Structure formats: C-alpha cells, structure tokens
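Quick heads-up: it's one chain on its own, the form predicted on its own, in structure tokens.
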C-alpha cells in the first residue's frame, strides 16, 4: 500500500480581485485529505469518506455505486487515474475537509492522489511537476476555473502570495476559526457574477479590487509581526468590500457578525468565492472557545485550524 496526504487552504485576503490581477494571500491549513492506494487486479475501486458524506464506493470499470451515493471525490480521483493511465487499484480517500466550501478540498485530493501514484508507480515527478499537473487536472474537471493557489498550497504548504505569479512567503502560523454555513457554493457562478459587475461598472469595481489587493499586501507584514488587531481590521474591511461586489450571503453575514460580537474576534470575513461555503475569524487573545461557541449558536459548523501547515507528504502509518 502507498498513501499520501495534502492540506486544505484558506484564502486570507484577495478573493475575486485576484482574478483581475490584484494580490491575494492564502495559507495551507492543518486539515488534510489522505489517499491510500492498494493493488486490486482487474478493478479500479474508489472508496471515499469525508466530513459531510456517509461514505461510498465507486467502481470505475463497472460504473457501479457500491454504497451510499457517489460525489465530490470521485471526479477528481478519476481525472488523476486517467491522466496517468493507472488501473488495478483500490483508492481510498479520507478527508476532513468539507467539499464545495472554499477550503481547497478538491486540490488536496488531486495533489494527494498524484503524489500517491507517483510513489506507487515510480513516476519520478518532482514537487513542482506534481503542483503543475494537479493544477491542470483540477482546472479541467472544473471547466477552466481551478486556481493555481489551491494546488500550489496543497503541494508546498506554508503561505503563498499570488498576483501575476505565485510567490511563497515565510510567515508564522496563525490560529484561525472557520465557520461553515453547510451551504455549498458554486465558484463558477460567483466568479462570473463579479466579473460581469466589473464589466458593467469598471470605474466602481476596479477601485474595489485595487483596495482588496492593497489589503493583501499590507497583511503580510501584519502577520510577520503578529499585529493581530490590525490584521483583524483588514479582515473586516476586506469582507465589506466583498459584500459590495455581491458575494456575501445572509448565512455568511450572520456568522461574521456573531464572530465579531459574542465571539470577540479581532476580525472576520468570508473566504473563497462566497455565495455559501465558509468564513474565517481571527480569535482574540486567550483562545478560540468563545468564538467557536458563538458560531455554533449562530447555526454554523465551527472548527479551529492553523495556517502555514506542511504540504503534501507520504504517510507511513498504513
């Protein structure tokens, strides 16, 4: 057997603006997707379990669903297996990343599957090649929308700043609380909606994107120097700007304001494309317990993560 795991991610700053060339900042988080390969002559079987699915098995050769209903992971694992013409395998996917939530679950699955295949079959891929191939495959499954930040963070870990190019950053870890609305978002429709708004009102939306990019750049030194109250202010401003371009929802706003109010967070904002999915909050000095409680009382699923986590790795505990 061979196994590899890869981290999810949060976009700390810069959503949507990055599509138009502004700076964005993301970090790998300590929630992971793990892919285990086992030889299975004559068959290709995918087993998957994650935070929100009961679990399923899907046979790629017969097309038979062997338990529960096939969903998120199958499309991405299938794309990787097809890319490398892999067969005679049982592929087990375990993930504590919720799908379609803006936390990079698909990128983590693609990268972990690629790394596991690389080891299992001795493909000789470098980390750079794993990141590049994974981005291309995720983008193909998502019909052109995969982000290089997601697969790069899943591969290399740490922090990345992205505008016209992807730049790794050496920054300290942050404790972040994630609030999940349990409402899946549609990245394509949210991106298209914002880009349509930009096309209609470039003189208004363009400066908003510039401001978001400036926040992303300013945040780097704030994280480096652990100036958390100012970092929280940047989160609040960024959230307001994202609301202005129409990607907020009532559920996300309720979690954001619960974080800032009863949760006493330094700041809170949506993360990812919006229209559902997740928000993030920066807990106050003393811990995240009150913040998690406030988010749960506001009917969100809440959990704490650390940013700047390790990238893809082989797992030995088989």
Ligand code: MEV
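Computed from a predicted model, the values in this text were never measured in an experiment. Numbering follows the first chain given and starts at 1.
The protein also exists as the form predicted together with ligand MEV; that form is not presented, and the subsequent description refers to it.
The stretch in contact with ligand MEV in the model of the complex, judged by heavy atoms within 4.5 Å, is 267-275, chosen from 252-260, 34-42, 283-291, 267-275. Residue 123 falls outside the set of residues with a heavy atom inside 4.5 Å of ligand MEV in the model of the complex. When contacts are judged by a 4.5 Å heavy atom cut-off, residue 191 counts as touching ligand MEV in the model of the complex.
When contacts are judged by a 4.5 Å heavy atom cut-off, residue 11 counts as touching ligand MEV in the model of the complex. In the model of the complex, ligand MEV sits within 4.5 Å of a heavy atom belonging to residue 147. For the residues 18, 305, 302, 298, the 4.5 Å heavy atom test against ligand MEV in the model of the complex is passed only by 18. Of the residues given (161, 118, 74, 187), 187 alone sits with a heavy atom within 4.5 Å of ligand MEV in the model of the complex.
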